[in-house]
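The chain that follows stands alone, in the form predicted alone, written as structure tokens.
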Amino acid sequence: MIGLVAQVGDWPTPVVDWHALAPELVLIAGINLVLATDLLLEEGRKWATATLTGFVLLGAFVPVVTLAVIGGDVRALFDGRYVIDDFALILKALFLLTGYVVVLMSQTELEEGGYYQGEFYVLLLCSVLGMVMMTSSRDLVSVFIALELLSIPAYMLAAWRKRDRKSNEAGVKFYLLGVFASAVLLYGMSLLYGATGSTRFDEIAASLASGDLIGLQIVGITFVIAGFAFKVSAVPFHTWAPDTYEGAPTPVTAFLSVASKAAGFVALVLVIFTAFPTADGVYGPLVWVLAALTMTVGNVIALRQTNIVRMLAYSSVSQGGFILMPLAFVNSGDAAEPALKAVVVYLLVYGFTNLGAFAVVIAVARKTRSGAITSFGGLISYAPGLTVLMTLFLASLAGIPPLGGWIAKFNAFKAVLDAGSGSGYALAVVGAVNTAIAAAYYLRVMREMWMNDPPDGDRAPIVTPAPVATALGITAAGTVVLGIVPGLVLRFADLQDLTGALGG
């Protein structure tokens, strides 16, 4: 592990690993650059802020790639409270790429809608910075700061169309419930600090493992899990998601459903694997119930939706249930390593697939001006490319081979079965039933596109803007490649790196 302190005389002098912090530093510089550029540009040239934001995100992506290629020891900074390991690097890459795709998806809509482009991209970069910081945080304080840094800009982005009543409703609901969840989370963290005497994950884990859990520790763990359950829209903490997703601008909805949800799961993975590894008697049953409820409620309600965005919102809720499945059995049987790999792969696959589905929705809505599922009727007759891509993304969400969704679901079920317990087998059965239910509403959209006629008889072709087409290409490639060669990312989910960084 790369050390942080060099002794000079009687005082320790901090030696900062600038390479390890390069992604965060590029984003910080980029935020200031985009803000300054927006102040200096004339109104007719604000489109340049989108291009600049894209370069900032790609610029932050470069040191992530170099750190991954160089490999080597885990890099720990700030007394082990901030760690750069393979787990952090692959998820930093996911968040930066997600941000770049969202920029591509939003560029044309913001230009045509006359919205505040510079401010939008500044807030987007701030939220991505919080997500990038989350992946490396190994301390309750830094996790909470990262969570608020990614959440507060998201509240404003959800209400971006300030003259739209639904967008205002989306922002207010997201903000009020988000603040409540943050309060619950912070209260749980304060209880843990009071019960263990530390905010560092490794020290909390050592304290919890030193004896039987006391009531204060149990309540603290429960509140922390509940706070993160809101961020990942797990049932019954999901009520904000459908209205927020429907009311927010579609690119923002895509961003919230992928990046914001993934950041919540990253935080949940970190506390379960590194802070609560021996407290499975507390979090295990809680996560089991959350996973079963989230899958079932999300899928059952999604069956009744007539709006494609609300359907994808409830689909996003149900997909969160599948990601939660392995986390219920981290300390059972041989499930720990498979559980970490399952969550990482699922987040990557889900990111590409869901972003791609929303990119198709954006492209189609430019012509139909509707979010109804029936507006996709006969899409094959005038937009065959978009039809094939949407079929690809929906099939991946349903878990149909050889697309990325099937390997994600396979790994999730494998981790649950590796636990070798009756509750694991029971949750696998619940997951299998929900997989079949989910296929029903995905197939309904496919049938609408391939077998029905256009609702208004208009078969004029859809012109897809170049940025949206680029986003579709990136997401489609990721969906297919991860399904065929998932080993490309599996090495980045090494349990030894994640837990060894704390002990080292």
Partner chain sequence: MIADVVPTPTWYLVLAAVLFGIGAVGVLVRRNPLVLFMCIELMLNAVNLSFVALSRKLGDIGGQTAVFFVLVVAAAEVVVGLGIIVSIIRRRPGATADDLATLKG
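Quantities reported herein were computed from a predicted structural model and do not represent experimental measurements. Positions refer to the first chain, counted from 1.
Omitted here: the form predicted in complex with its partner chain. The next part is about that form.
Note that among 148-156, 323-331, 359-367, 376-384, the stretch whose heavy atoms approach its partner chain to within 4.5 Å in the predicted bound form is 148-156. Shown without its partner, this chain lists Ala170, Val269, Leu91, Leu312 as candidates; in the predicted bound form, only Ala170 has a non-hydrogen atom within 4.5 angstroms of its partner chain. Taking a 4.5 Å heavy atom cutoff to its partner chain in the predicted bound form, the contact residue among Thr296, Ser182, Thr278, Ser421 is Ser182. Remark: Val141 counts among the residues lining its partner chain in the predicted bound form, judged by a heavy atom distance of 4.5 Å or less. Its partner chain is not shown here, but in the predicted bound form it comes within 4.5 Å of a heavy atom of Tyr193. When its partner chain is considered in the predicted bound form, Asp243 lines it closely, a heavy atom lying within 4.5 Å.
Among heavy atoms of Gln305, some come within 4.5 Å of its partner chain in the predicted bound form. The candidate spot formed by Ala372, Phe413 and Gly431 lies out of contact with its partner chain in the predicted bound form, as no residue has a heavy atom within 4.5 Å of it.
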